[in-house]
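In the structure tokens that follow, the same protein chain appears in two forms, which are kept apart as structure 1 and structure 2.
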Structure 1
């Protein structure tokens, strides 16, 4: 049985870790790009590297825009949680409110119409909690992601005849439109969702951006090849950080797919920014917490094609 208190504390620690410590895979990617860039674009990347170091040294958030802090929960099929799933949701909401005050995080979450701010990043449907399950496991994996969200994402219904050309055009449209002036806060980990229903398409693209490490490739070799091709295309735009001339638009590009309507090919594009904040913990059945960088959100089971 995993205790409520353990979950709440682990979620609080995740909030802090995500807000303050840049994931190592992304930091390395920015460092490598800073070696290749020149002039303004290079200056921006080097300044961001200084910023990551300052955040970790001072234990202060790397970016004041907390984004929309949210959670991804993967529960082993045999995991037992004190108080059940309702208690788990309460633990995540409580940790979010506590972290907002004590780190502090900016209280970003407001009512969409009345703009009232409860000052704790908790509200109606907030923080979002995505669920998935894993067979033959008794642990609980929690991941938090702090992602901004005003610029850099888009959705379009394409059709099978539009083919890879259509995906490329839509990717270029999104990166060019939001890359100017660096509204997308590139270099980005770009997530491309292909297929599913409209909402699943958005969700898959977002998860592709936020829940896979830089350097990770899709297990389907043809999709992996397309990931490389689209990444290269994004960096050929000639745009770097802040929209200055350069070649650092895309730190990596991940694709996730879902079976879709026979007549359509929905596509979504998402950009995870220069403050790509994510953190993961596994709570084992005994209540011990194991922090790690890789969310391991996608598994053979979660990508299964078969009936079982």
Structure 2
């Protein structure tokens, strides 16, 4: 039985780690880009590396805008939780409110119409919680992501005849527009969702951006090849860090797909910015907590096709 208090404390620790400590895979990617870039783009990248180090040393959030905290929960099919899943959701909401006050996180959540702010990042349908399940397991994986909620995402309904060239055109249109208007905060981890219904397409793209490590490749070799092609394309548009000239628009690019309607090919693009804030913990059946950088959200089970 995984205790309620264990979940709440683990979620609070995740909030702290995500806000302060940049994942090592992304830090390495920025460092590698800083060695290749020149001019103002290089200056920005090196400054961000210094900022990451200062945030970790001082135990302060590395960006003043701590985005919109959200959770991804993967539960083993045999996991037992004190109070059930309603209690789990309560623990995540409580941890978010506590973290907002004590870390602190910027209280970004407001009512969309009345603009009232509870000052704790908790409200109607907030924070968002995505659920996934895994067979033959009794653990609980919690991942928090602090992602900006204003810009950096786009969607387009393409058609089968548009093909791969259509996807490339949409990606270029999106990245150029984001870069020129300052909507991407690059270099970004770019997630591309292809297929599914419109809402599923958007969800897949966001998960691709936020829940895979820099350097991770899709297990389908053709999709992995396309990831490399699109990443190279994104870094050839002439934009570097924060919109300055360069070749560091994309730190990495990940694709996730879902079977879709026979008449369409929906595509979404999401950017996970310089503040790539994510952290994961596994809570085993005995309550022990194991923190890691890799969410391990996608698995053979989650990517399975048709019925067994």
Partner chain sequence: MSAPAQTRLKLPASRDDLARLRLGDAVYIDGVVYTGREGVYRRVLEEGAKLPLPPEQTGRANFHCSPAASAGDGGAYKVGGVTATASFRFAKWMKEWFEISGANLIIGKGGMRARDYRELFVPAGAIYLTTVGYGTGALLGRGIRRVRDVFWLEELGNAQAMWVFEVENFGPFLVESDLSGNSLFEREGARINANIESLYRGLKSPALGRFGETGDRTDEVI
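Values in this document were obtained by computation on a predicted structure and should not be read as measured data. Positions refer to the first chain, counted from 1. Only residues modelled in both forms are compared. For the two forms, the rigid core is made up of the largest set of C-alpha atoms that agree within 1.5 Å on superposition.
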Look at both copies of the chain and name the one that is the form predicted in complex with the partner chain. 1
Superposed on the rigid core, which segments of at least three residues move by 2 angstroms or more at the Cα between structures 1 and 2? 181-183
